[in-house]
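Presented below, as structure tokens, is a lone chain in the form predicted alone.
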């Protein structure tokens, strides 16, 4: 504790009243039919920061019905791409105008630092603008070499009604990786945010109305996975489900959606490694490792929760990461200098701690941290920055997604061994390599089983570049043109022109 940089004071005042989050169905903000609500208590400040309508089958059915009608009558799906893009660009403008309001409630609901909430919410506007550009540039193919009397075209059409289910760790960003791309394609949507962080999604509804999105095109139902999410993934009027969250829930969604053969896109867990070679910028690598594990308190599917370090530099490199870990600013997320805030729930903090305790019991060594961190005036829903050495590849802490500020250290001798350790995982979301030899970087990048590979950097992302995983990290892609295509169906159109086709039945 004495070696940690703890911030207890704050630079932003708490809101005077809890935010009231409501459903948004067929263009109307509304409470639940039975009047039920859920309270969200801030993990960092221990006060009720929002009250959200708690949905049931009634609201979910109504939202799906509205989305189905809006798609089938073409009020959005048959609108010109120019008109759809104009609405998305207006939403982007409104997001930027409301960054402070969005960021404050997201920080209070999730526990993440206000600086990261601002970056997430403000940066999401770029996703909306890029999706708008894809709407304008989408096209199919034509085939005019099939004969003088045949012209064929391949058309891209919106898939239909899309259920969008988002997690608590990046509620506004992940919503914006899905919703604008679905809308750009011409789909209509039903959205369910996590019951833990519902408010920024509810706030977006006001912006959609102001931007001119027709009623019924995007509907928002707040509440729990059961019943809301369950009905969104099983309903016959839903054509596609896109989900971000745990691998366990992703598997359940795939099984449920299989009954109606819906398309399913999943962005799930990860156990992402960074491989560190001696011939790289070790200072930069240590900083990236520190960022990669403590950003969003490690509650990130892309968290680099494993480092695989060459044994020649392992001691010095780990010592440097430990030293940097002690200088990361932990504490009150409403202070502009804070880099790491609170764990989302007490139950999750206990789960994180359980992994560390089990590793120690199995013979691992905690180099720093390894316990709940109490911030003066804010309580104990924080977890110390933690680095664990002496880990073997078979330990749960090295194989399972801890989803907290816990870094595990493995070592290697050869490139083949590093790649084997990288791929020795049920997950395949991201991987990274630090090395000044381009040949080594390229070989690693081609052999690593991951949807994204970073070389000499970590977690750089762009709206143009697809994101998603392999193996149990998911299926399908988000953002970029590939993410846009997830929301499109391909239709072949074959036309005979100018001549009568040859008869099949002989004339009498």
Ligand code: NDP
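A quick note: this is a predicted structure, and the numbers were derived from the prediction, not measured. Numbering follows the first chain given and starts at 1.
Just so it is clear, the following notes concern the form predicted in complex with the ligand, a form of the same protein that is not shown.
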query	finding
Partner-contacting position among 348, 399, 90, 389 - heavy atom within 4.5 Å of the ligand in the predicted bound form	348
171, 292, 158, 269 - the one with a heavy atom within 4.5 Å of the ligand in the predicted bound form	269
4.5 Å heavy atom contact, residue 181 and the ligand in the predicted bound form	no
The ligand contact in the predicted bound form: residue 425, any heavy atom under 4.5 Å	no
4.5 Å heavy atom contact, residue 369 to the ligand in the predicted bound form	no
Touches the ligand in the predicted bound form: residue 301 (any heavy atom, 4.5 Å)	yes
Contact segment among 201-209, 98-106, 304-312, 220-228, judged by heavy atoms lying within 4.5 Å of the ligand in the predicted bound form	220-228
Partner contacts for 176-211, taking the ligand in the predicted bound form and a 4.5 Å heavy atom cut-off	192, 193, 194, 195
